[in-house]
Structures are given as C-alpha cells and as structure tokens.
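Same chain, two forms, each on its own as structure tokens: structure 1, then structure 2.
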Structure 1
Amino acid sequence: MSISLTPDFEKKLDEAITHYPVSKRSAALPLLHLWQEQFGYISDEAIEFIAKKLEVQSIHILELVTFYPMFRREPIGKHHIKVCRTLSCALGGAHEAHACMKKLTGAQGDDHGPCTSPDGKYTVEYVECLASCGTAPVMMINEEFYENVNSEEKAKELLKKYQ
C-alpha cells in the first residue's frame, strides 16, 4: 500500500482510538469520519488502512461505508449542499429549495441521488431529517447549517460564501 499520511493526521487517528479502551474496533466510525474529512471520500486504500489499524478484516470497514449514508466511496463536488427533504421541511418548501440550489449551481442528475455541477464545484443532494423542523426548509453546506432557506435571494447569498 502506497499511502503516505502526515504525522499530524496519524496522530489524530491514534488519539481517536484511545477513546475506546475496551475495543479498538469501536474507533471505526471516528476513523472513517477523519479520513473522509481529510481526503473527501473513502477509497479502497482507506478501507485497508483502517482495517489494519483496528486489527479487523477489510469487510468490517467496507460494510460500514456501504451502510452509513454519510460515507461515500467516490469524490463529490467541492461544496456539498444537503437539503432536508423530510415532512416538515417538505411542508416548508424543501423541494423548492432543492430545485433552486440545483438551478443556481448548475448541478445535474436525478433528484434521488447526488447531483454535481459540471465544474465539480457543487454537489446538491437530498438528505433525511436534519432535526430543525421548526425552521424549515433547512440545509447543510459542508459542515455549516442553514435554516429558513425559503427564497432564491437567500440561496444566492449563501452560495457566495462557497466559491
């Protein structure tokens, strides 16, 4: 395996493992999160590396990546726009917000999956309930959370921060 990690990153991984004194395997999700934050997606190399690190079979890591919706096996756009689609947000205009974001970013593809703009800058995707139903419609852009995104002006304003 020809993967080289910075000492800082390795330190972060090792620190996360210390949170689980009973079983290293418990650190699988934290390590996957750290990896995805660093590299954008979970590659085959990532799976092998983490499996080795936690002394489990690769399948024990792969089965997590294929189960948990937040992990992805392929890179996506530079900015990830996640629009909540569940009932309260739908009542508050989630579908309009999703369509608006697709239009403004030029993201293409079927609404049921991630839609990425041709320049690779944005990926717009529906997600399930983000637990802020009182301020619908809500969305996340990368790790930031935004509420009441109910007009094109507001959406445009948000996107200015993500160039």
Structure 2
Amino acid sequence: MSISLTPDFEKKLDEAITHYPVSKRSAALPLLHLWQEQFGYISDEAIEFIAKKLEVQSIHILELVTFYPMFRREPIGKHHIKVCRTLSCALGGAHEAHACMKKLTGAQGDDHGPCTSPDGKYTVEYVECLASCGTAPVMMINEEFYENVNSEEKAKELLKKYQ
C-alpha cells in the first residue's frame, strides 16, 4: 500500500491531534481508529506515518496496534462477520454458528484468527462478548447486530442481505 491521503482525511487527522494539546502522543488511538476506518487495517506504512505525525518512535504505535484486538494488521473482507465466543454464546451454539458462516461464505483459515473467503467478500472471526448473553448465539455483520443465530437457515437468511 502506497500512502495516498486525501486533503480531507489529513485535515481529519490534524483536527484529532488538536484535542490533545499537552501531548501529541495521546492522539495515537484516535488516529489509529481513523486510519482503520478509512483503509480497513493498519499497515506498516500507517504505523510509520502516524508515528512521524505524532513525533514518536514507530514502536510506540506498533505496541498499541498489537495490544488492542480491535486493530487489524491485514485487510478483511467487504463483509465482516464477528461471532461472539464467550461462555453464554459458546453454550448457545457459537462454535456451530462460526463453522456454519465459514462454510456458507467459503472463508478459509483456522479458528484462531480471521478467516477470509477467497473472493475477499467475507471475513469470519470470533470476538469477545457482544453483550447479549440472553439471546445467544449472537454475531455482527459489519455494524448490524443479530441474535439467536442458531441454525443454518437463519445464517443463510442473514447472508442474503450481504450478497
């Protein structure tokens, strides 16, 4: 990825930094969120760019990216399917729902990280609590929340929206 930023995006980054007048370094998380929102993931180039912008060493930005699980180091599919795997959802069928989504989308990979379909359309991954334990198993597709995804039929029905 060769960094090509629009003037509007650069203004957004600069504006976020103004919220932290005592230390630019404090703007690191907001800049990382903005970057991921814009590009989908945090590349090595992004880490270098943000570090330079904040006048810190790149290791300080890399530490944040690798510590917080919400930051992605690799691109994901157009549709991001996040399956809750905490206790209530696990007992309610999260593992079956995850396997079903992988099967239906053709997503490949082990269950320890994001699994992406060969066409790049879908990424399926486990996440921690989505805060709806009473309606397990639950998942999100992009920013939409779905409860009681406990059958292949329901999974197929959900995926129709994302064809």
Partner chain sequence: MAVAERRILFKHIDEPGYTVDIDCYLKHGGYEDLKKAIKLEPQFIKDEVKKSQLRGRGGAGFSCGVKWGFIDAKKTTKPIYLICNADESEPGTFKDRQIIHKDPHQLIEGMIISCFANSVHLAYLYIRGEFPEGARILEKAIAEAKAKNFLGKNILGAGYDLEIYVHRGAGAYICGEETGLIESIEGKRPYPRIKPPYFPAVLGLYMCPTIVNNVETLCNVKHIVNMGGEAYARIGKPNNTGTRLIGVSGDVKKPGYYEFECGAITLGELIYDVCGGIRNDNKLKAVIPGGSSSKVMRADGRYKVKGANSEMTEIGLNDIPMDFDTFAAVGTMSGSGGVIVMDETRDMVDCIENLSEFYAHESCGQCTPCREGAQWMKKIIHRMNHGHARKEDTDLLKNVADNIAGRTICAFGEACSWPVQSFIAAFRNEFEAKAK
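Take the two forms, superpose them, and find the largest set of C-alpha atoms that agree within 1.5 Å; that set is the rigid core. Numbering runs along the sequence of structure 1, starting at 1. As the structure is a computational prediction, the values presented were derived from the model and not from experiment.
For the form predicted together with its partner chain, the corresponding chain is the one labelled structure 1. Once you line up the core between structures 1 and 2, the Cα of Glu10 stays within less than 2 Å of where it was.
The shift recorded for the CA atom of Glu152 between structures 1 and 2 is 2.7 Å, with superposition on the rigid core.
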